[in-house]
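Below, in structure tokens: the form predicted alone, a single chain.
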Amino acid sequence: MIDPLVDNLRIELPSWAFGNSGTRFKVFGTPGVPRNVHEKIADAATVHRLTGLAPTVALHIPWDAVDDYSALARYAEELGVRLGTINSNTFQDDVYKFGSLTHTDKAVRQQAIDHHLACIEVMHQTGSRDLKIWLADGTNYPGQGDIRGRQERLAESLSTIYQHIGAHQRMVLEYKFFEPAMYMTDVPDWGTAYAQVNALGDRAKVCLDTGHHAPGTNIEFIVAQLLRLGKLGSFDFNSRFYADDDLIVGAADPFQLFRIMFEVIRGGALDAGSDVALMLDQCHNVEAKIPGQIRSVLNVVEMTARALLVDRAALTAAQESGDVLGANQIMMDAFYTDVRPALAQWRTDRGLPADPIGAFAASGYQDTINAERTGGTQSSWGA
């Protein structure tokens, strides 16, 4: 039996996951890859039609730039999805070599701020709620930059941007352990992100990327803490084996995803009215793009359904009585429960295919786009 809370699950898809993308050495081309943002949205809508769990698509500016964002929003709605988070980009222009929002040159900082103001205008036109900021800002060598000065400039820049977001919009600040800054990253951890957004106001939150942590980090602790503080704005779901690889969520450690979703549920982030956003942030470099996104959505819903099986009352009793092994067994019993047959029935009851990946393979959609998308330039990393 699938817990009714699963019906509240919504997973945002990233437009860039449908293009040729990857962050390691070589980006491999794939037949049928979108040539523009409209084709990315069409592929995302296909995932939603098959899973029923991915009703929004995140955009990246300028990779997904168009002349008329209102028309793009209408196009998405015609396909059964909506436009979601708007992601900024201050890490590819040459002027940002030594930083963007933290740069010592006020003109460079203003250019970065202006880009975010342009992203906010995109949000106005698309009806998007969230502006997500990830920065590559940092230094590679001791002494290269003033650590404290960079934090102060960052705070000033973020404050300027925050003042321009609408009453029903939010700013979410993502953190990343390292890369490309190898000595000191300006937003390297949840504490730094929290300190920065906490100074801004209620509509500034933290984005937690599940793949952006040091090995051994207890990510579910961070989830619990940010939910307790009311500052967890969104997730970027992916997986990694070492430090920062945008692999399919749950691929490396499904038990970790289970533990994270348990804290999401425990903290009320799946309750009706919760504003915590769940988004995939992945690069499909060697696997097929659309099935990769479908598999990712299925991994999230499977671990969510398992986490909802935890007997919370029994767990609390075991914890309070000091029953260490009993408490652990309650968690493990839920994790090892195979929910896939129940989820197949859950999908069937909602008019969805019991096997979304099989349904996609049988649909002929991939063959169609392989034949149709032969001209033009494929979307790729950074475009």
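Owing to the predicted nature of the structure, the values given are computational and were not obtained by experimental measurement. The first residue of the shown sequence is 1; numbering continues from there.
Not on display, but discussed next: the form predicted together with another copy of the chain.
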In the predicted bound form, segment of 164-172, 282-290, 73-81, 110-118 with a heavy atom within 4.5 Å of another copy of the chain: 282-290
In the predicted bound form, do R49, F237 and S363 all reach within 4.5 Å of another copy of the chain through at least one heavy atom apiece? no
Partner contact for M331 in the predicted bound form: another copy of the chain, 4.5 angstroms, heavy atom: yes
So, K106 and another copy of the chain: in the predicted bound form, are they within 4.5 Å at any heavy atom pair? no
Distance check, A251 to another copy of the chain in the predicted bound form, heavy atom within 4.5 Å: yes
Is G216 one of the residues lying within 4.5 Å of another copy of the chain in the predicted bound form, judged by heavy atom distances? yes
Across 143-161, which residues bring a heavy atom to within 4.5 Å of another copy of the chain in the predicted bound form? G143, Q144, G145, D146, I147, R148, G149, Q151, E152, A155
